[in-house]
Each structure stands twice: as C-alpha cells, then as structure tokens.
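Listed next as structure tokens is one chain, alone, in the form predicted alone.
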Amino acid sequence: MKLVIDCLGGDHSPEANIDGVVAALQQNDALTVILVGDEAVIRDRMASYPTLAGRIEIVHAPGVITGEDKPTDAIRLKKDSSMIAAIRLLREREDADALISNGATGALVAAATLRIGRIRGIRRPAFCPLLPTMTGGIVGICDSGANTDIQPEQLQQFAILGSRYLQSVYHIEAPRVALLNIGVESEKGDDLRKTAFPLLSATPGIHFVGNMESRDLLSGKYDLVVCDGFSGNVLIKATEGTALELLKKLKKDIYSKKRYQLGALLMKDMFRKEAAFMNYQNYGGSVLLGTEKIIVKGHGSSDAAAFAACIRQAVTMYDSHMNELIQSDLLSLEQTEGEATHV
C-alpha cells in the first residue's frame, strides 16, 4: 500500500507528521509513502532513518493552506501547497491508495470532491470522526462538518457510509444508527429530521434505532449518529470542550488543598487512565467517507502518535475493501428502491 502524506498544515507539522510516518513504517513492512512538503526539512528529519529510504518518495511542495484561506481560492491559487500537491498525486498516481492530512478541513473537502471524485451514487462525502463511550466502545458522528445544508436522502447515505465504515474497520456487527434530534420521539425535530426518520427506518442494511438527544452521545447506546455537518460539528466540539474543561477543573481543585493532593497521589493511575480515555488523539482521525480513494483528516493539533493512528485507519480501510463494499451497499439500495417504485 502506498500512502500520500501531507506533511504540512497542522499545529505540530511537519515534525509530528514525519515522526508518525516513521512509526507506521517501522510497524508495517508493506507500507510505502510519498512525503509532500518542504523537501529540505523532510530529508533532514529522515536522515536519522537510512533503512527507510527505499520506502519513501519526497515531493517538494512548501506552501501551506491555512484555515483563513477560502477553499476555492486555495485550490486555484495555492497549487504549490502540500495539500493540493498531495491531492494531485492521489488523483494521478495509480499506485497511490490513500491520503492523510492535518490541513484545513474546508480546503481538503473541496479539493477531494473536485479532484478525486465520489463513489458512484454518493451525493456528498461526509466526515466521520470517533469518540469513546462510557461503556468502553466508540461512537461515530457522520457528518461532522463537510456538509452544512443537506437533504434527507443524504442523511440516509451517511447512515450507509458510517455503518459500513464501523463494520469494516472496527468489526461492529449491525451498528446501532441514531438520528441526532431534539427528542427521541419520531415526530420531533424540523422538516429535515421528520422526513429523514421514516426514510432511515426503511433503509435496508442499516440498524436504525431512532432519534438520539445530544446528551446521550457517549452513553454507549449508539454506534453511529447521523446529522448534518453543522449540528455534528457543534456536537463534537461541545462534547470535547466539556471533557477538557472538566479535566482542568478537576486538576485545579486537586491542587487547592493538601489533602486533595494526597488523595490524588493515591489515585494517579486512575487519573492517568481517565485522561487517556478522554484524549481524542487516541482515536485516530476523521475519515472522509464517499470519495473514490481513501482520505483521513487528522486533528490540527495531532502529535506523532495521533498521526500514526490516522495511518493505521487508512490501512485498515484499504485492507477491508471498504469502498467496494460501499458501492455494493448503494447498488442494493438502488435495486430495493427500484422494486418499490415498480410495485
């Protein structure tokens, strides 16, 4: 498998990206990579790993797309950026199987949609990040920011995409799919949610369990939550922000009194475990589902371990033939809908 690596764009790039690649190459002898970024910086950092030289290519593209850049302008004007060069390689190289980037989300979605293309039948690609649940599992959120204005049929496709992803990569049989809403009753919500509910209920191949209120995201009752990108992005950031602020308050309270510090010392292993549990970097990146080739978007603040986790996600998606399975799922849906129309 050959991966295209965007080495720029993150808070800790290029060091974290390159170090993550090194770790992945050392763990998986079948991997080769194309590193895209500032060639001099890449060569300098890779000089410490001469045994990996035969498994890497370097493409010089020193430009960086920032979050302030308008996506369409960035695609048109920043052709020397690492992200656009990486997208171009993914499109033009038949041996390139996947792309991993920590760069600007908007530009990545726009470039992937315009330059890579979608799986046949997919209306819009969608991001699907993961969060941990209180029962020790994971929950996917699809979409989390790629599409802010959608139709009910797109929520149906998000359910199909997310279900297949969780089945293929995380081996969750019949993922429990919920629709994000303001109440669990079927009649709740706006027109989008009210129309989507019966559509999801009738979709073959997914295990739809009804509406979900945002407070239950981490409860462990659901494996996949489908929503528009605006709501999904707010849901994730509100959840992550709450967890981080609670950890800060806990730390502040512990240091406020000597007896609390003594108790914390006795419980340090438990606190370390909980901190790891709540650290989103341990759960990989947000995959862009629905594109013809695999794309994984790492968090902008990803460290080397988080970037290596993104690479493992891409490898598992490739090995499981996930895109081919998605195509089969869509074909089955089309046939079902055709039969219903004929009747």
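Basically, rigid core = biggest C-alpha set you can superpose within 1.5 Å across the two forms. Source: prediction; values computed, not measured. So that there is no doubt, residue numbering starts at 1 and follows the sequence shown.
Keep in mind that the form predicted together with a further copy of the same chain is not shown, yet the notes after this line are about it.
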Heavy atom within 4.5 Å of a further copy of the same chain in the model of the complex, from candidates 120, 76, 259, 171, belongs to 259
Pick from 195, 219, 113, 186: which has a non-hydrogen atom within 4.5 Å of a further copy of the same chain in the model of the complex? 219
In the model of the complex, which of the stretches 92 to 100, 195 to 203, 226 to 234, 120 to 128 has residues with heavy atoms within 4.5 Å of a further copy of the same chain? 226 to 234
Can residue 57 be called a contact residue for a further copy of the same chain in the model of the complex at 4.5 Å between heavy atoms? no
Though only this chain appears here, would residue 50 touch a further copy of the same chain in the model of the complex if you measure heavy atom gaps against 4.5 Å? no
So in the model of the complex, is a further copy of the same chain close enough to residue 277 to count as touching (4.5 Å, heavy atoms)? yes
Taking 4.5 angstroms as the cut-off for heavy atoms, does residue 151 touch a further copy of the same chain in the model of the complex? no
Which residues, if any, of 53 to 84 lie within 4.5 Å of a further copy of the same chain in the model of the complex when only heavy atoms count? 67, 70
Is it true that residue 88 shifts between this form and the one not shown by 2 Å or more at the Cα, once the core is aligned? no
Taking the rigid core as the superposition reference, indicate whether the CA of residue 209 shifts 2 angstroms or more between this form and the one not shown. no
Yes/no, residue 251 Cα shift of 2 Å or more between this form and the one not shown with rigid core fixed: yes
